[in-house]
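One chain comes next, on its own, written out as structure tokens in the form predicted on its own.
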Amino acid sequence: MGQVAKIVKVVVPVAGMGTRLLPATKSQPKEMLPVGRRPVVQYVVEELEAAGLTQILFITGRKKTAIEDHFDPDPELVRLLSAGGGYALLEELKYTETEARFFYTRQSTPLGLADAVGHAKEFVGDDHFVVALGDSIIKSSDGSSFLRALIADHLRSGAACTLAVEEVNRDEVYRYGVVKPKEGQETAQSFDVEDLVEKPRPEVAPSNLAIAARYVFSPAIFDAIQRTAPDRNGELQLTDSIRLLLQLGYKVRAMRLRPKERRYDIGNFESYFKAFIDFAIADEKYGYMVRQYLKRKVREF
């Protein structure tokens, strides 16, 4: 395998229907739900830009045009705010002034995450690339980039896939893809993967290390996706495609989220509420007032 100089391409699947967040997602993408003062997907894109990723492909679906609109510059809105002296509000639109380029393609039929990634084959070409799920935020308490570290490990190791993992409670592993570290590497920060299982029963799960919504791939993943058999729901699971990479003789790596990092999976109301509260109380402008309000509310219970 030749030397990979740099990774600049990223695929962001956002085609999921968000049914566990109905009715909030009836007419808007779950990726556009606000967490604090920004929609979920804006945090994701800011994370990607901080890691040096400048070509961003969204895999969209029906009712997802709000995502495209959000990242498009809006000259008319800028003109109205400028004319009305809304300079503070103009600062909130700075995120549209970026060197990143945005691309969009549609997964018309929801056939699973691996199928969504497969739609990026022409965009990726012969390059290594990142996949970042658009409904998951990874936040670092010191502002450092976990994704940049994940990419660096991938480039050093020569792996065909390097994925993020996080420790979860053993009784929750059935919700995730779960990895098995190679023997002797079970406690390492980053390690070689021996096997992966999609949504195992707790009693047979190979570990409690769940895949955490960030991946780095070589183009070899596309051949694996083409060979992946559908699950019982007719969907192609990305965990199964990565497992096939292992069976084809490719190296697969994993890196744990560090203690200073936390993943927020905006997939159900419990996790969404927790994310909103955490980001609201940390807000530079409104956090103090929110914290005081929550203290008063807690005393009422």
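Sequential numbering from 1, following the sequence displayed. Here the structure is a predicted model, which is why all the values come from computation and not from measurement.
Beyond the structure shown, there is the form predicted together with a small molecule, which is absent from this document and is the topic of what follows.
Residue contact with the small molecule in the model of the complex: residue 202 places no heavy atom within 4.5 Å of it. Contact annotation: residue 107 falls within 4.5 Å of the small molecule in the model of the complex, judged by heavy atom distances. Taking the partner from elsewhere, residue 150 is found to have every heavy atom lying beyond 4.5 Å of the small molecule in the model of the complex. Contact annotation for residue 113: at least one heavy atom lies within 4.5 Å of the small molecule in the model of the complex. Partner proximity in the model of the complex, defined as non-hydrogen atoms within 4.5 angstroms of the small molecule, places exactly one of 81 to 89, 223 to 231, 127 to 135, 142 to 150 at the interface: 127 to 135.
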